Each structure stands twice: as C-alpha cells, then as structure tokens.
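The chain below stands alone, shown as structure tokens; this is the form predicted alone.
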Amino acid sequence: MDLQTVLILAQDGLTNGAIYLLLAVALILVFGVTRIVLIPQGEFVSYGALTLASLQLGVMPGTVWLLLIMASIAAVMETFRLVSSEAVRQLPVTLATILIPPAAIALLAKMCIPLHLALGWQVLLTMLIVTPIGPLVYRVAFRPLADATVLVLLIAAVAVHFVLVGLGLLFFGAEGVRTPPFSDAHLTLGTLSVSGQSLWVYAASFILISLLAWFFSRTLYGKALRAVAFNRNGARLVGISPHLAGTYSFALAAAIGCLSGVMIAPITTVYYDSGFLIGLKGFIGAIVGGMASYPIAAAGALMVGILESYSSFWLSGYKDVIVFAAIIPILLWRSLMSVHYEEEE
C-alpha cells in the first residue's frame, strides 16, 4: 500500500465518518431526552435519499403518503385522548395543528413536482417532507410508552424499524437509487483528489454541528432539551414538558437523518433498507461516547468511518464484520468503567 492509497482511503473514511458523526449525535440527543435507542434513525437516511430521487424523477414520493397516513393516525389518537379526558374544547385546535401542516406539505409537493425545481429547492422540499415524520413517529409509537422502561422502548423501536422498512419497500420498491452530485468540482491536494460531493459532506457536517452547538447553548428550546436530558422529573417541575421535548428531539433526529441521506445519495446507491447498516454504524459511534458525550461520540464515528475504509481495502467481504466486532471491546471497557445503578421507577 503506497502513500496515495493511504490518503485516498483516509479521505473516504473521513467522508463516511462525517455521516456517522451526524447520526451518532442524533442518537445521543434522542436517547438523552426520551431514553429511546432510536433504531429507526437509519430509515430517515434512506427516506431522505429516496424522496430526493423521486422528486428528481418527477414522481410523488411515497413519504408524502406516509406523512398523511401518520398524521391521520395521530389525529385519531389525540381525539380519543381528549374525549376520554373530557377536554373536547381543545379538539379543533389540536386536530388543526396535526392535520393542516402535512396537508399543506402534500399540496406543496404536488404543485412543485411538475416544475422540475433546481437541486437546492428539491433538497429543501425533501427536508420539508421527511422531517415531520419524526415527530409523528414519536407521537404514534413512543409517546404512549413514554414512562415505560428502556427495554420496552427498545422493543418498540425495533418494531418501528421493521414497519418503516416495510413501508419503504412498499412506497419505493426494491430498486436502488443514486442522485446526481451537488458539484462536479474536484479539489487537488498534491496527489490526492477530493470530490466536490465529499466537500459538501464536510461542509454540511461542520455547519450542522455548529448550529446544534449554538442551539443547545444559546436558545431557550435547546436549554429545555438539555434540562430534560439531565433530569426529566426536575424539568417537569419547572414547567418543561417531556413530551414536547421528545417531539423536538425526534424532529431534529429526522432532519439530521434526512440531510445525511441527501448527502450520501450521490456517493453510494441507496436502497429502501440501506439505512439500517448506516444507522448501526452511527450507533457504534454513539456507544463509544457512552450515549452521553458528543465529542467522544464524534471521535468514535470518525474512527468507525476510517476503520470501514481500510477494512474494505484489505478484506472487503468482511468490512462490516470488522466494524461491528470493534464494538465488543468498547462495550466491555464501558461496562468495566461505568457505575451500575438501578433504573428509577
């Protein structure tokens, strides 16, 4: 292996690691706020890529129908909840809040698809379609179980994963997609040539991480999410709703996953079930950070990307085995170093 090969593999590893970094941040955010290990995080990645590909083909994305279906289910659940709690007066406002935004997004998508918008507008429309699915997933699948144990929430997350994968096959089919790159430019550094799409991945990851740091440190909603992650009961006592915090955390996770899918769609072929492996590698990065530390998780995600890149060169058929096997010593080390405690009732 010569120096140029080493640099090329390192560059590929950093590109993949930047995506895993975003997913690891999303997983830690959701787990800290809701205690949910978001197994379906990868589905937002595949949904983002497949939705963008559908828009570029001039076809109504299946995620629009999924958005409308989930909004309808959430509306029915809210109706039963308000009627059973004798709060019928809140019903019109609640139903309007749940149903009008998805209907407006579906109408906007129907109007924009025949226009064959520029790539930037297609990406924005993709984000607008996929991001609201996150809060609806929380409302339909997890909010009724908000006070359950971590194990029950994990089982529910696995069930949601299988449902979303099946719906992805139903809406998009089994064929893979690859979208055009954002830029055909190349940056030459000596003997190393960095593609324009890789530069877009680096820039998007840096900007998004910076925005999240600003959001959590400077905004009221960000501080509220941090408060819920630190102490749910204490946050509830000072007037912060854990359910609202969970909704925001799922919205951020869906937005991060969708953006990751849009970024990797020009680099690799994405199928309806591709998100699971991608999300699982982001989960390894989150495990390195103990599902709590963002900087350590970022370093772990980059490590996963580089390990995957070099493994694909030496043992391409076992690259996933090598990456996932790396989690075993990490879990053992975490288990030995952590303080064990009983979960609060």
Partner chain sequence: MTQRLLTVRDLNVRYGKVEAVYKASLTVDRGTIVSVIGPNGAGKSTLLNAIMGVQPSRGCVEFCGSDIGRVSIERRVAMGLCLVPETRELFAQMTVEDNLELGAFTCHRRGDKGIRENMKGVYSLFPRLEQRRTQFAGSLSGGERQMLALGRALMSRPTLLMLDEPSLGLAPLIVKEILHTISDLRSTGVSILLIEQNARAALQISDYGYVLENGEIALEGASADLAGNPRVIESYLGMGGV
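Positions refer to the first chain, counted from 1. What you are looking at is a predicted structure, and each value in this text was computed from that prediction instead of being measured.
This next part talks about the form predicted in complex with its partner chain, which is not shown.
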Does its partner chain, in the model of the complex, lie within 4.5 angstroms of each residue among 230, 233 and 237, using heavy atoms as the measure? yes
Interface stretch in the model of the complex with its partner chain - options 216-224, 250-258, 112-120, 91-99, non-hydrogen atom within 4.5 Å: 216-224
Have a look at 244, 185, 189, 103 for me and say which one sits with a heavy atom within 4.5 Å of its partner chain in the model of the complex. 244
Is it the case that residue 72, even though its partner is missing from this view, gets within 4.5 Å of its partner chain in the model of the complex, heavy atoms only? no
Answer for residue 210 alone: is it within 4.5 Å of its partner chain in the model of the complex, judged on heavy atom distances? no
From first to last in sequence, which residues of 72-88 have any non-hydrogen atom within 4.5 angstroms of its partner chain in the model of the complex? 84, 85, 86
